[in-house]
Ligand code: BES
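Have a look below at one chain only, the form predicted on its own, in structure tokens format.
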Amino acid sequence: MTFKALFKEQEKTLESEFFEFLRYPSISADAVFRPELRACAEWVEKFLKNSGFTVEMWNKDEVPVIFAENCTAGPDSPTILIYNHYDVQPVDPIDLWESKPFEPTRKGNQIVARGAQDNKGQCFYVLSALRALYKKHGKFPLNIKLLIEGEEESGSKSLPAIIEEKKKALKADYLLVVDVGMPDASSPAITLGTRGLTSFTVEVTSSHSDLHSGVHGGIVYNPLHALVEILASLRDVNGRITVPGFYDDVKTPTAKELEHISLAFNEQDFAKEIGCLPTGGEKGLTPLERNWLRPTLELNGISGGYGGPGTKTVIPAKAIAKISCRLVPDQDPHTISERVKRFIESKQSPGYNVVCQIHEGMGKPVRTSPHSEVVKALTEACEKVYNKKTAYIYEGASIPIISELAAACQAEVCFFGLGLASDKIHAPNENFGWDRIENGFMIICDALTTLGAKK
């Protein structure tokens, strides 16, 4: 029986199970949802136990980390560790959703729900492929371990200490991270690297409380004005970041490193899909050079004062901004964080106070080789399913914990996924194509079977 036939045989059951998985509001950013996170983890635990795995729940009293393994293929077979996460982003703004975010809806071939793609959809085709292989053969073609966490969307705060403690259990030959995307719906890709990440909250304060803008205007330095001036000073007119030392450790990729990487980018398609032109970042570089090969500093949110209907003439007591930096080799997130913090806090004035808080959950950039066995196996599997040459790409986003996880398990890393820019991850109406659930199922089955043949 082909892997496609194996999928079709159980398709209705799989859709029902996927909807069950999506109904858990497993939001990690808000502690109110801790019970739902634990319930979701227990659902995954049960699924894996029915798929031939022994399962441990690490950090069970907080946000569980699911560790599962089946190493019955023996010491002569390779071991792969597969990483996913079961937590999701908050659903705000709720009024922009066309259906309830945790009541999955099928619209044609698209499944709409929070987490439909990131990362429950991608996690689900891994889980369903593993169960199918086990049910079909009664064993796996190689030793398989899984690490499925519940805090990726809030910085993997608990995982570094767990990884350090569980190094021996995590040891593997290959690390497969199933949490990335592809250029378009018909073009498979293997991701050979991600950017690093660090983030901040900047708070500017002045008076004890909000003030009347007529009575106090021209006397009090408005924290919103101060914040806007500080934020504007972080980049120059060419889009370069002005923080001293920010680019000191940036490693420019060599021509040899880039010879396997596709930098093709259709600006018209992007504008049509996203709704704006690709004009951000540093001037003089192509879109994917700016997105993959250069670091960024982005403003993620600004708040302060009154933003409701009509007018309320106040000078706010406080203004807040959220900032994040994406990093490239060989930038260290701790070093960059201190440089950004120092620069922002140097903008103090007698009229207001500036505090820059560095967030937890930072991560280093990651690069991997196109010649590793796990990359080769996935490349072959993608080409069988899509009947098209597989591209090698980088990813502008970050999975902060992967650099630490790769170091702990001492494995070759490969990033794989079938996400699309149009999936609206982190936004209202997130969606994922059922055809990609099927394709992911077949690719995972095929790639693991190929890797299992290598003794």
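For every residue, the number given is its place in the sequence shown, counted from 1. What you are looking at is a predicted structure, and each value in this text was computed from that prediction instead of being measured.
From this point on, the text means the form predicted in complex with the ligand, which you will not see here.
* To do: Would you check, heavy atoms only and a 4.5 Å threshold, whether P400 touches the ligand in the predicted bound form?
  => Yes, P400 sits close enough to the ligand in the predicted bound form that at least one of its heavy atoms falls within 4.5 Å.
* **Distance check, H85 to the ligand in the predicted bound form, heavy atom within 4.5 Å** => Answer yes; at least one heavy atom of H85 falls within 4.5 Å of the ligand in the predicted bound form.
* **Partner contact for K46 in the predicted bound form: the ligand, 4.5 angstroms, heavy atom** => K46: no contact with the ligand in the predicted bound form.
* Although the ligand is absent from this view, report whether Q89 comes within 4.5 Å of it in the predicted bound form, heavy atoms only. => It does: once the ligand is placed as it appears in the predicted bound form, Q89 has a heavy atom within 4.5 Å of it.
* Among G181, P333, P78, P316, which has at least one heavy atom within 4.5 Å of the ligand in the predicted bound form? -> Going through each option in turn, the one that passes is G181.
* Among the candidates G305, P329, G155, P160, the residue which, in the predicted bound form, approaches the ligand to within 4.5 Å (heavy atoms) -> Here the answer is residue option G155.
* Given that the partner is absent here, state which listed stretch (38-46, 406-414, 66-74, 392-400) has heavy atoms within 4.5 Å of the ligand in the predicted bound form. => In short, 392-400.
* Considering only 98-122, what residues come within 4.5 Å of the ligand in the predicted bound form, judged by heavy atoms? -> The one in contact is D118.
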